[in-house]
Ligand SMILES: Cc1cc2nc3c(=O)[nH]c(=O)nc-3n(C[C@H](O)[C@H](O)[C@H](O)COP(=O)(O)OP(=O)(O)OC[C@H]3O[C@@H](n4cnc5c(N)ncnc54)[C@H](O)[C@@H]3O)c2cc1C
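The chain below stands alone and is given in structure tokens; this is the form predicted alone.
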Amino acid sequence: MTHHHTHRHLPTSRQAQEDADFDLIIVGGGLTGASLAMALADTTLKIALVDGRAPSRPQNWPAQWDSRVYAISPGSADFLSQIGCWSHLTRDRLQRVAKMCVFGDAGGEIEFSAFEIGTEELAWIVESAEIACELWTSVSRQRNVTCYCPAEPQVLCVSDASAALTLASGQILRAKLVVGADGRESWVRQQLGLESQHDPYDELGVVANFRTELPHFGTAYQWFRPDGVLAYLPLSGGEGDAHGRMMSMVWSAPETLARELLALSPEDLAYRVATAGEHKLGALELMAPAAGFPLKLVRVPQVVAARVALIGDAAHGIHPLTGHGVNLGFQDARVLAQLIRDARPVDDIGDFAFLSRYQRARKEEVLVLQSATDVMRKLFAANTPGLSPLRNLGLSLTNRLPLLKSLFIRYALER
């Protein structure tokens, strides 16, 4: 499939000068913003999508793989199917996760298998660029969407009846509702003065893709180590690879270690990662330079205000320990789209009381996931003597209690 053109969506010169009225303006055309627009494709709503730049694939795609990957839950895959995106993803870039093995730092172990709970997969591992480009291509063709890209928002004014977004070009877009889908450092959130609590972890997520000596057979691995959390996520490896000899590594490590890892030669890094992962997939070979990004927890107590709603990372940043951040974002988009679709003609979709229903619907799940990943991270990061056997006992016990375990998995899957 090679229908990924990124130049079609540039605004025409006519658009570029005129102010315009919409029902909904989405700031941010990443995964959550674009999926929200697609979820409203068959409505009569006029939608504007504003972004600084269109997503692009790695330079020598398809030979090169994006080192940022997502673990897409079955619930998110279902949502992406409903909005018509999933079927367009390149099949041989999708990897089904059939099993997950989690190891504590003192021998504790828990294994989740899709087979055990009668489902086909625990998650799908997909490159970030694969989904982003696919969503963008669909949205830029969507008849009820006008893409302003590249465009930079400059001022956001909210009045009783509508919101006005002024772009750097001087153009003014007006709408009943503005959705901030513009990431962790959300401009929309800052414009409104919506509070956000940033809790830096003083950690970097180090990501890299490796070829593996042994096939992964669709298994994901995670190690809670004294020096951070290491994950091996299986990659599909493209067409010529039946059993999977490629994986994506995410090592959430304290900053000093992370910098050390990023400075290693390809051979040394491969050896370090293979050793840290108990040589589960044999010898490793680095496919492209590793990258690091800072990790932090972002809590946003209020994700709605009059005329504005936040979705995705603008509404919550969580530790990537579980790979679930993106699923929370898709769930935000799904819930908000459904609320807007169910609105009666008399409803004002930018009204605070109306939007509060979205906030209530999302609050609990976001809190549970943020707290759970935060607690797990702190528990495993604490070097308190005596804690290690406890947390490992917890892992092994859960493994022996099928009911508790299937609850865990179901929770992760349905999101």
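None of the values given here were measured: they were computed from a predicted structure. We number the residues from 1 along the sequence you see.
Keep in mind the form predicted together with the ligand is missing from the figure; the text below concerns it.
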property: Option from 68 to 76, 217 to 225, 255 to 263, 339 to 347 whose residues, in the predicted bound form, bring a heavy atom within 4.5 Å of the ligand; result: 68 to 76
property: Listed residue that, although the ligand is not shown, lies within 4.5 Å of it in the predicted bound form (heavy atoms), from Gly277, Gly244, Gly104, Gly205; result: Gly205
property: Contact label in the predicted bound form: Asn327 to the ligand, heavy atom within 4.5 Å; result: yes
property: 4.5 angstroms heavy atom contact with the ligand in the predicted bound form for Leu269; result: no
property: Any non-hydrogen atom of Gly52 within 4.5 angstroms of the ligand in the predicted bound form; result: yes
property: Partner contact for Ala48 in the predicted bound form: the ligand, 4.5 angstroms, heavy atom; result: no
property: Sequence-ordered list of residues in 187 to 201 near the ligand in the predicted bound form, where near means a heavy atom within 4.5 Å; result: Trp187
